[in-house]
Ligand SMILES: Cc1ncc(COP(=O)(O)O)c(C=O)c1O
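As a starting point, one isolated chain is supplied in structure tokens, in the form predicted on its own.
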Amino acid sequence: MSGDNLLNVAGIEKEGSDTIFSWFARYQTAKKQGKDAANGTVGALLEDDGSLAINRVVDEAIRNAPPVEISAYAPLAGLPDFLDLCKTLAFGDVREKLETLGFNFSSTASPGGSGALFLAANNFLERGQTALLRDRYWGPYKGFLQNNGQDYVTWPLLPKEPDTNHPYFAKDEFETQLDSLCSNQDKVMVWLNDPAHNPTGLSMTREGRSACLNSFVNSAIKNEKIGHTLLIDSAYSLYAAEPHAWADTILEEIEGGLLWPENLLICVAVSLSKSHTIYGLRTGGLVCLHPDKAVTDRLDTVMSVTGRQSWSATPRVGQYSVSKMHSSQEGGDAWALERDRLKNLLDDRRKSLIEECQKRGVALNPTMDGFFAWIESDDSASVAEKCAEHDVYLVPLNGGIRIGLCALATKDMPKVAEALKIAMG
């Protein structure tokens, strides 16, 4: 193919276009043709009139930033106030309780949550090793891993045999995959997007989180020479009913006697794109939790050097503006009011879609929080094409259809449900 003699092996293997953006382009074409099209494609939160939803408090804080805070480099690891804020965004009020118990945090700024995922892939697995994901996952996970020379395996989003104790965690399959990885490599890493999972909107229950954490800890104890990293992708969590659900579970289990072996690390990938509606400013961070300060100090150094070697420094203005805004009670409360308004918008849309689908016998997956809903399909491309015939544009992915509640207007839900009924029929 053209350019093969210029590209390396990894470059030659890269092909195709992003499914989400290609379907968004089709929606835009339909609108230009004057069709009454419904947009369930994009992963950004839109108002009911189709304009980008922007947290006005965050917008004001950014516009009031001094010129030097816009133009200057940030420190390689990130602004100190922002690094401190990331720990609180990741763990909420539980942070102080964990610190009192002797736990320590590392914190590194990154270009959005994507940068945090790259930091993890680049440092917690060797090239040639394999990560563990749920079988419904955000598509770019694959690229972050592959660009670090890594592969992945999956466990099911939902258990094949329903478990009333934890209906949204496939414990047996998770443990089977963990055992398999531990028998083949000296490090294991799990990426878990919860609560408010992309692409389904699923949030695990307290019992499911507890079972998952204990399975992971038990694996680390049983395989003491194998590094175990559990990364919680919290991209949408601040729109969930329990924004710091994992922090709560971690504290509960520790206070209940959970052992924390030296080879266990828990990380949270923080993204301000959604929670603070500053997608284009590329602001996020990776926060890591461990009882040994020597470990977290080492991670601070490693992640800072990785950032320097990958993107130099994370953009400064988002770090400065958001940390300054949250530094006062008034600023934090004002942000929360706007965040709550946007959360209510999502909640209303989800409630309406569920009701409209139930009326028509359309079987949505369990969906509770965040930007998306999901319907399983073995032929998702065909279903999406049939929906498009009825001017409803959704995203076909591996195993099903992602429904962007974040982009759809509340009034669109009967139209979406009807298109799905026809397409799935």
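Note that the structure is predicted; figures quoted are calculated from it, not measured. Start at 1 with the first residue shown and count on from there.
Beyond what is shown, the protein has a form predicted together with this ligand; the following relates to that form.
> Which among 228 to 236, 120 to 128, 76 to 84, 256 to 264 is in contact with this ligand in the predicted bound form, heavy atoms within 4.5 angstroms?
Looking at the other structure, the answer is 228 to 236.
> Considering non-hydrogen atoms and a 4.5 Å limit, which listed residue (Ser321, Ser219, Thr249, Ser273) is close to this ligand in the predicted bound form?
Contact with this ligand in the predicted bound form is made by Ser273 alone.
> Quick one: from Trp335, Tyr152, Phe103, Tyr141, grab the residue that has a heavy atom within 4.5 Å of this ligand in the predicted bound form.
Checking each option against this ligand in the predicted bound form, the one that comes within 4.5 Å is Tyr141.
> Taking 4.5 angstroms as the cut-off for heavy atoms, does Ser114 touch this ligand in the predicted bound form?
Yes, contact at 4.5 Å.
> Taking heavy atoms only, is Ser203 within 4.5 angstroms of this ligand in the predicted bound form?
So Ser203 does not count as contacting this ligand.
> Residue-level contact is defined here as any heavy atom of the residue lying within 4.5 Å of this ligand in the predicted bound form; does Thr314 satisfy this criterion?
Outside the cut-off, so no.
> Taking any heavy atom pair closer than or equal to 4.5 Å as contact, tell me whether Arg282 reaches this ligand in the predicted bound form.
Looking in the predicted bound form, residue contacts with this ligand include Arg282, since a heavy atom lies within 4.5 Å.
> Where, within 337 to 356, is there a heavy atom within 4.5 Å of this ligand in the predicted bound form? Residue list please.
Sequence-ordered list is empty.
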